[in-house]
Structure formats: C-alpha cells, structure tokens
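Next up: a single chain in structure tokens, the form predicted alone.
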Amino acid sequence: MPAKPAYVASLVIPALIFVSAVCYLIMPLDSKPILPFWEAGLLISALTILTSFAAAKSHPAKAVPALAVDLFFLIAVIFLIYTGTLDPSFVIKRPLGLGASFGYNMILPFLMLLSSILTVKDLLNIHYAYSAKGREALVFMAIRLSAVVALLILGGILFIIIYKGIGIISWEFLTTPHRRLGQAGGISTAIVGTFWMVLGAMVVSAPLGVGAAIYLHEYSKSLGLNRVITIAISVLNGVPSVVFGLFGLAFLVTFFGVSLLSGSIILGLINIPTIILTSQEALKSVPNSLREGSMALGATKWQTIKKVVLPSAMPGVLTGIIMGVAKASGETAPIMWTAVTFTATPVQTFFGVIPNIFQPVNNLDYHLLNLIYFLGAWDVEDHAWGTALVLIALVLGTNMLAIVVRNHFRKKISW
C-alpha cells in the first residue's frame, strides 16, 4: 500500500515529539517552553488515531482492545499535564527499593517518548490494516528510531562537552602546564605525556601484532592451534584494562618503576589483541590467486608476503593499528599505577628528540580523573570540561585518521 500524503503528515507530530523527548531526556533543559506543543501534539495524535481507525475499511476485532489501551494512555498523560497533577514538584522516590528517585524532568519526557512510540505504532497498524506488512514497517521504523536515538545520544554528549569546554580552550590552555592542582594553567604536559605514551604503545604493539597475524595466517599449518590461539586472543581482547594495570604494577614497575616505559608496554599489550584480529581479517581479504601467481613466478614465501600480500592488506592493517592507538589514548586504569603522575613535570628529552623513558609523565586521562576528584572542593570544573574536550578531539581525530588512511590505500589496490 503506497504511503498517502495524509498518512505521512500524521506521523510528523509524533516524530517531533519523539525527537524532542529524547533531547530533553539527554540534556537537563527547562520543559516549560515546549509543554504546550507536547499537550497539543498528544491531543492531535489521539484524534488522528481515532479518525484513522474510524475511516479504515476493515480492522480485526482483536485490534480494538490494544487501540483502546493506547488511547487511554494518551488521554491519561494529557489529563495529568492539564490538571497539574504532573508538575515540577512531582517526584517518585526510590520505586521498588531502588536507590534513585525519578523527578519531573525525567518522567515527563519519558511519557512523551512512550506516547509518540504508541502513536506511530497505531498509525502504522491502521494504515496497513494490521497485516504482516504493517508489522514489517513497524520493525523497520523501530530500527530507524534506534539509529536516531543513538545519534541523538552521542550528539547530545558531544554537544554538552563542546558547549562546556570550548570556553576554556585557548593557546595558553594548550601550551602551559597546570598549576594550583589544576585550578590554573593548562594541560601542555598532559598532552605531551599522552603523545609519547601512545607512540610508545604503538612501537610495542604494532610489530608484535602484525607479526603474529602474519605467522598465524601465512605460516602456521595447524588449524587446531590457530583456532585455539585466536580464541585466546579474543578472550585477551575482552579482559578489563584494570587487570593489565595490576599485571603492570606487579611485574613492570618492579623492574622499570613508575615510568613512561612501563605505561607504554602495558598499553602496547592491551593493543596487541586488537591489532592481531584486525590484521588477520585484512590478510584473509587478500585473494589466494595473488599468492599463487606470485609463487608461480618464482617468488619465495617471504617475497610474496612482503611484495604482494602486505601491500594489499595494508588498509586493514593500518586501520587496526590506528584503532589500537585510539583505544590506548583513552585508557586510564592500566597507567594509574604504572606510568603517570599529577605533578606538572615536563617530559625530559635527550638531544631534544628522545624522551627519558624511565620518568613518570602526565596523561590527559589521569589529569581529567584527578580534576573530577577535585570537583566541589576546588574551582576546576572549566578545566575539567576543557580537558575532556581535548581528549575527545584526540580520539575522534585518531579515528578520522584511520578512515582517511584506509581510503587512501584502498584507492591504490586493484585486483
């Protein structure tokens, strides 16, 4: 059944209610300006459902009770708002023994969200005469709404971080060390420390991860052993990072102390499973015909891997390495006891290039964690939001770099 303009128009109001309700659930906004729209929208939605149901040529008898329940819910919400029963002082205190209480700013948007979903469901069922096609349209609508909700949540988080953190961002903030426990100064030493730690993690993990992937896929002949090793790598990839931190505290700190070297090694160990798995998938994507053609021309196994397989798999390999870098730049627990300090100590370098790997360093994650600890005791909120914004920009920039590198190398591949 083709979608009629009147039917499409009837979905506009519940869609707007849905989007606005999600926004109000994410962000603590005053709902008073939008309340008249919500009231009028619910009333129009209820009338639209009634008129659409009455105008339908046929409908199953079992649909009437479900429709009546949905209409009763819409009317009940309208009644609660109109009579003032649901007002800003309304709160549900610790329902079912939960430790949290739910106030007006959460309950009202949630009711609007649920009302919009029920409205869309009823309009779809009525339009498709409660057929299987209607249920299919409902499922696809739910999938699209899930994508919209995910984007709105992520967009809301990014918006709040940017809105609260952009005011503190300045050249001085980015190029000076912090002072007075983060109440003054900037985050330059944290940025530099993060850079060297992530670079060290990449130096540790990239050769080991790529080398292990090449051996497992190109040289190892035991399928059973490969399967066991792959399962072990997948399990290791799911181990909480704090466990790696405990390992680093027990072994690495004993030999190298709390230092840049200890932190780089532990972050590199965390990245290795990700790099192995992504590199294996990249190697699997290379057609065997390329290997066979190279071997037929007289190339050795290593020459084939070096000149044919690796260049063809390079987009996936580099993507895995850069994703590992992004993951390492967001880790806090593994480095808390192995590498970092809150003291604004600059990284010592030899010849202006080589860092002193045996000294502790600052780190953006650990710096932000300490600022969060200080909230309420010292005036560090602006600096905390600014640090969070820089950290988010670093992670997003790294992931964008992975996409650019992958696309660049894909253009050079043809088979």
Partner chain sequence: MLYIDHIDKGFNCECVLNRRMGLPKMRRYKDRFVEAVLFLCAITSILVMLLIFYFLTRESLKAFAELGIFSLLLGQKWHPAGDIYGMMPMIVSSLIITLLALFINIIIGVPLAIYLSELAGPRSKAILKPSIELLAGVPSIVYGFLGVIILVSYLQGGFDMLTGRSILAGSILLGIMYIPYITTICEDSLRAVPSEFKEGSLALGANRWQTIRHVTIPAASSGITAAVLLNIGSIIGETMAVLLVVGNVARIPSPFFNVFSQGATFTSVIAGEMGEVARGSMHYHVLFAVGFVLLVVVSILSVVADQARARIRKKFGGY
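Only a predicted model underlies this, so the values are computations on that prediction, with no experimental measurement involved. Numbering follows the first chain given and starts at 1.
Not on display, but discussed next: the form predicted in complex with the partner chain.
Comment: the partner chain is not present in this chain, but in the predicted bound form one of 302, 79, 72, 171 has a heavy atom within 4.5 Å of it, namely 302. Distance criterion of 4.5 Å from any heavy atom to the partner chain in the predicted bound form singles out 207 from the list 293, 88, 207, 185. Taken together, the three residues 35, 40 and 84 all stay farther than 4.5 Å from the partner chain in the predicted bound form, as judged by their closest heavy atom. Only one of 49-57, 348-356, 62-70, 369-377 lies within 4.5 Å of the partner chain in the predicted bound form by heavy atoms, and it is 369-377. Using a 4.5 angstroms limit between non-hydrogen atoms, residue 124 is distant from the partner chain in the predicted bound form. Contact annotation: residue 195 falls outside 4.5 Å of the partner chain in the predicted bound form, judged by heavy atom distances.
The partner chain in the predicted bound form comes within 4.5 Å of no heavy atom belonging to residue 110. Residue contact check for residue 312: none of its heavy atoms lie within 4.5 Å of the partner chain in the predicted bound form. For the stretch 374-402, the set of residues having any non-hydrogen atom within 4.5 angstroms of the partner chain in the predicted bound form comprises 375, 381, 384, 385, 388, 391, 392, 395, 396, 399, 400, in sequence order.
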